[in-house]
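The chain below stands alone and is given as structure tokens, in the form predicted alone.
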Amino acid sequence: MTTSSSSGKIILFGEHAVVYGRPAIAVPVSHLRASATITAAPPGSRCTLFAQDMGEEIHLADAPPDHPLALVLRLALDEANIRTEPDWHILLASQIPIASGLGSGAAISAALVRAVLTHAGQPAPPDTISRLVYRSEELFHGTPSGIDNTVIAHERPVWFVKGRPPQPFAVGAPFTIAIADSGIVSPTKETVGDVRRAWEADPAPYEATFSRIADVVHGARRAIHDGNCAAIGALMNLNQSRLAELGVSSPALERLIAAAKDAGAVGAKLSGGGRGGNVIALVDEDSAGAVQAALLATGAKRVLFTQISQTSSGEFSG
């Protein structure tokens, strides 16, 4: 038996603009995980995926070519030089809410790739996992930036620009983010697609907004490097205003953001595709409890906390 897991993620700054070549900052949420467990099946039974959180039983031989999980499994088997379908049962499980901006699809796919390669006795380097998961992200999200598969495969905070090697970013002092699940499904493919159609119809104002978001992200990198929480919070608020200009916020998210700030959060914004999914808020020890209570009272289904810190100082390979 082989079990592998992968973390969730949040985007701190730069979602949507990152699809158009601007930078973004994202971090893993290591205590929220997806897992894949491979066990031997009776001879001749071939390969079956049991995606328990999605209520799916997927027989690889019968799955269509564009099924995201079947695709990533086929890619992983090919990477492992397994040319004949193996007699395996693969159980997929996840603590990560689906369609909430926490990278659930990429996390499941990354856990699956890592499990297949490990079970086959092959190396499972992060760059390989990221490359294979990106293929499934194209089916989940249409035109993904590549940020989810990168952060989740490497499980380290990154400064990300599409088409360039990811870079770890310096964290001058640890800070805490509250993650509030709005309970509203947020299919990233839909919001990304809506923004793309609007951009195609009238690119100039959208390019201007994307560039203003990029300015925010550059400022956030400096603030995080300096450990300046007041500046980080102010930039979160400004990023949220720019995302609202793109039409990816919603009244429910705005109510959660206002509640968090009224309760003492230094800054707050949506994280991910928008219109639902998660709101993130910068909190400290004194405000965390009040912010959590306010978010729950305003309709959040649950509130988690994650600390952002300097977890690595090495460089990624590109």
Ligand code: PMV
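Numbers for residues come from their place in the sequence shown, where the first is 1. Keep in mind that what you see is a predicted model, and the values were worked out from it rather than measured.
Another form exists, predicted together with the named molecule; not displayed. Remarks below refer to it.
- Item | Candidate stretches 287-295, 51-59, 265-273, 29-37, one within 4.5 Å of the named molecule in the predicted complex by heavy atom | Partner-contacting stretch among the options: 265-273.
- Any chance 7, 126 and 150 all have a heavy atom within 4.5 Å of the named molecule in the predicted complex? The answer is no; none of 7, 126 and 150 reaches the named molecule.
- Message: So, residue 239 and the named molecule: in the predicted complex, are they within 4.5 Å at any heavy atom pair?
- Response: Output for residue 239 is no: heavy atoms all beyond 4.5 Å of the named molecule.
- Item | 4.5 Å heavy atom contact, residue 18 to the named molecule in the predicted complex | Output for residue 18 is yes: heavy atoms within 4.5 Å of the named molecule.
- Message: Using a 4.5 angstroms cut-off on non-hydrogen atoms, would residue 144 count as touching the named molecule in the predicted complex?
- Response: Close contact exists here: in the predicted complex, residue 144 approaches the named molecule to within 4.5 Å, heavy atoms only.
- Message: Given that the named molecule is not shown alongside this chain, does residue 192 nevertheless sit within 4.5 Å of it in the predicted complex, heavy atom to heavy atom?
- Response: Output for residue 192 is yes: heavy atoms within 4.5 Å of the named molecule.
- Scan 188, 136, 182, 94 and let me know which has any heavy atom within 4.5 Å of the named molecule in the predicted complex. The residue in contact is 188.
- Query: Exactly one of 105, 166, 101, 157 has a non-hydrogen atom within 4.5 Å of the named molecule in the predicted complex; which residue is it?
  - Reply: Checked against the cut-off, the match is 101.
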